[in-house]
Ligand SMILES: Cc1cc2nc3c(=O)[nH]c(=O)nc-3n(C[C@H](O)[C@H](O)[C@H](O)COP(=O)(O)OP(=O)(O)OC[C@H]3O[C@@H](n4cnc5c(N)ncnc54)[C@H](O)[C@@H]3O)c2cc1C
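Just the one chain here, the form predicted on its own, laid out as C-alpha cells.
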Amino acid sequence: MEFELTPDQELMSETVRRLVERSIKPLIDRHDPNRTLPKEIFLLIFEKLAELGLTAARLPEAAGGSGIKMLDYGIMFEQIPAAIALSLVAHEVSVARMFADCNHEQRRRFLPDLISGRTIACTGSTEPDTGSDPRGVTTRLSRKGDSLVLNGRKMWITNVSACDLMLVTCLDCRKGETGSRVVKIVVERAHSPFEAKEIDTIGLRQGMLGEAVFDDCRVSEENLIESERGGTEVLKSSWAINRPLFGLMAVGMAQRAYDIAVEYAGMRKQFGKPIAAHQLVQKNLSDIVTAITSSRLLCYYALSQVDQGKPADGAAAMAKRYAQNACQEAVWQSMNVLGAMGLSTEARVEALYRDIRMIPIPDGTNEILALIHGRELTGMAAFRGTEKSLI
C-alpha cells in the first residue's frame, strides 16, 4: 500500500499546476470574478487542457482519449481552478457518455472537436422536479411530421449557456404521449437552437451554470442514441468517477485557503509574536491540514477502486460527501485564522467559502450520497422501486 505519489504522478500534478499558473490563471484573473467567463476563454482553456488529455480522460487512446488511470486524472484535476474544473468535468463526462452510447457514425461526427477542445459539451439530465432520480424526467421527444421534436426544461446544467452539443435525457414519446422509456439524443446548438440562460449562484460565479428550455425544438433523427444499456445506465455509472472528482475540487479549494491562512499566520503579529506561534492558531492549522489530507486520500481511494474494476458507488459517495463537509469546515477555519481580514474580498478566502458551498449539489446531495453508501453497507435500498431504479 503506497501513500506517496509516483514520480510520474508528481510530474502530472506539477505539469497541470504550471499550466494553471502560466496560462489559465492569467485568463481568469483579467475577468470579473462575479461574472461568467466568456465562451472564448473557456475554449482557449479547454484547448490547453486537451493537450494534456484532460478533455477525454476516460476514453482509451485508440478512441482519441488519454487512456490514463482515473487516479491519475484526479491527481491532475485537483490543480485546476474550481470554476474551470466544474466546466471541464461536465464536458469530459459528456464526451465519455457519448463514446459509451453513440454508434460509430455519431462518434465520428461529434467526438473529434470535443476531444480537441474546439467545441463544448454538456449533459441535460436534471429538471426543475427531477434531480437524483434520472428516471423521473418529463422532457419529451415526440415526432412531428418527418422530424423529432423536443419539449421540456433542463435545469442546473453546467456549460448549457455556451455548449455546442447537449446530451439530453428524455422520454421517448415518438409513438404517443404516454411514453415511459428513457432515451438520449444529441442536440446540436447550431442546427437545433434552444433557449438557455445562466443562473445567478452564491459561488463559482465565473462558471457556466444554467437552464435550457426546449419548445418544439427540432432535432435530426440521426442524433437519437439507441443505447443497448438503456437510457440511464451510462449516466449513473459515470457518477462513480464524478463524485470523487467533486471531492477533489473541494480539496483544491481548501488547500488554497490553507496556503493563504498559513502565510498570513506567519506575518500577522499579536501579543508580540506571529499568530502562528499561538497554540489555538496552530490547532486550527492542524485541523485544516487533517481535513485536507483525509479528504484527498478518500477521493484517491474511490478513484483507485474504479481503476481496479471494483464496485465504487459507495466509496465515491463517501468520498464526495466527506470531502465536501470536511473541506468546507477547513475553508471556514482558514477564514478564522485571518480574523477580520478573512471577511474581506481582498484576502480571497471568502470567495473560496462561497465556491465550496456549491459542491454538495452536483451529482448527488449529501443526503442522497449517504443513502447510496448505506445501501452498499446493508444491501438494502432506502429508495423507491427496485435496485435497478436507483442512482
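Keep in mind that this is a model prediction, so the values were computed, not measured. Numbers follow the displayed sequence, beginning with 1.
The next section is about a form of this same protein that is not shown, the form predicted in complex with the named molecule.
Stretch-level contact analysis of 35 to 43, 333 to 341, 355 to 363, 60 to 68 against the named molecule in the model of the complex, using heavy atoms and a 4.5 Å limit, identifies 355 to 363. Only one of the listed residues (L86, V95, I80, V187) places a non-hydrogen atom within 4.5 angstroms of the named molecule in the model of the complex, and that residue is L86. Among the residues L141, I157, A162, I288, the one placing a heavy atom within 4.5 Å of the named molecule in the model of the complex is I157. In the model of the complex, the named molecule lies farther than 4.5 Å from every heavy atom of T119.
Proximity of S125 to the named molecule in the model of the complex falls within the 4.5 Å heavy atom cutoff. Residue contact with the named molecule in the model of the complex: L19 places no heavy atom within 4.5 Å of it.
At least one heavy atom of L209 is located within 4.5 Å of the named molecule in the model of the complex.
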